[in-house]
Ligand SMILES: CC(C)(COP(=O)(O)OP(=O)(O)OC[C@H]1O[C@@H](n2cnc3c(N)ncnc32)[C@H](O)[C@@H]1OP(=O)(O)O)[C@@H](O)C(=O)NCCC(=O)NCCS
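Presented below, as structure tokens, is a lone chain in the form predicted alone.
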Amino acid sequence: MIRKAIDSDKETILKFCQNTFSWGDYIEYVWDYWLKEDNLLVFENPSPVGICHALTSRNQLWIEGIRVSPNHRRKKIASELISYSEKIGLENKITTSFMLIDTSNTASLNLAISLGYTIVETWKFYSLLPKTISNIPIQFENTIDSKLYPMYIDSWRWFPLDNSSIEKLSTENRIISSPISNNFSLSILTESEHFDNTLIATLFSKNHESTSNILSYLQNLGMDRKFERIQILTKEELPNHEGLEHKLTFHLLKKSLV
């Protein structure tokens, strides 16, 4: 049976989410937020043995956090959770579904593709350490071409850059560029809704010099604003930069629900 999660499910579920990745898992940090956002789904058999979160936002469905207890894998639980999530999307008149999968997670990629998802982009995740750096030439952009920059990332969800979002981001000085060359790099900044003191930067890297300039600005901003973490998400391979570390590479997958 699939149902919505309740507070008392948390302890049972976190027990089988402890070692999902080599470094652990993040479910314990986002559980309370996802519960408030609604559609945190539990597969019960008869106790909780699987979960996923189905977020409907800005005419998109995001399926995230699919986890199945090791003792109950290969029983199509993940498939049923995904199908149930897609029904929620259709009930909300949403026609497009997205998910993110690590490029090394062959089993999950094969499952998603078998369910009709296609890989549309590949992204890299870097961490960046805050650092005090002075005299960094950065400019704030009032507008950008959404054809060149079609999407940005907010709390690890990819959203379209339309006129409304561009206006809001520019008003808040969250669109920055490096004026070093004509082919300048650009970044869009957001703060994580799920992790405290975490800055997320969608980075469009055009050349190494202007990209390094943006990275230095972000490090300085991290120190000024007391961010504990700076997360960089980009499609490009970034230049060597002090305090920058590549963490993982993942695919963005998409499916039309109609």
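So that there is no doubt, residue numbering starts at 1 and follows the sequence shown. Just so it is clear, the structure is predicted and the values come from calculations on it, not from any experiment.
Below, we refer to the form predicted in complex with the ligand, which is not included among the displayed structures.
- This chain is displayed without the ligand, yet in the model of the complex the stretch 109-117 from 168-176, 132-140, 84-92, 109-117 comes within 4.5 Å of it by heavy atoms.
- Exactly one listed residue, out of 186, 153, 100, 180, brings a non-hydrogen atom to within 4.5 Å of the ligand in the model of the complex: 100.
- With the partner omitted here, the residue from 127, 96, 79, 104 that has a non-hydrogen atom within 4.5 angstroms of the ligand in the model of the complex is 79.
- Contact annotation for the candidate site: 20, 66 and 73 all lie close to the ligand in the model of the complex (heavy atom within 4.5 Å).
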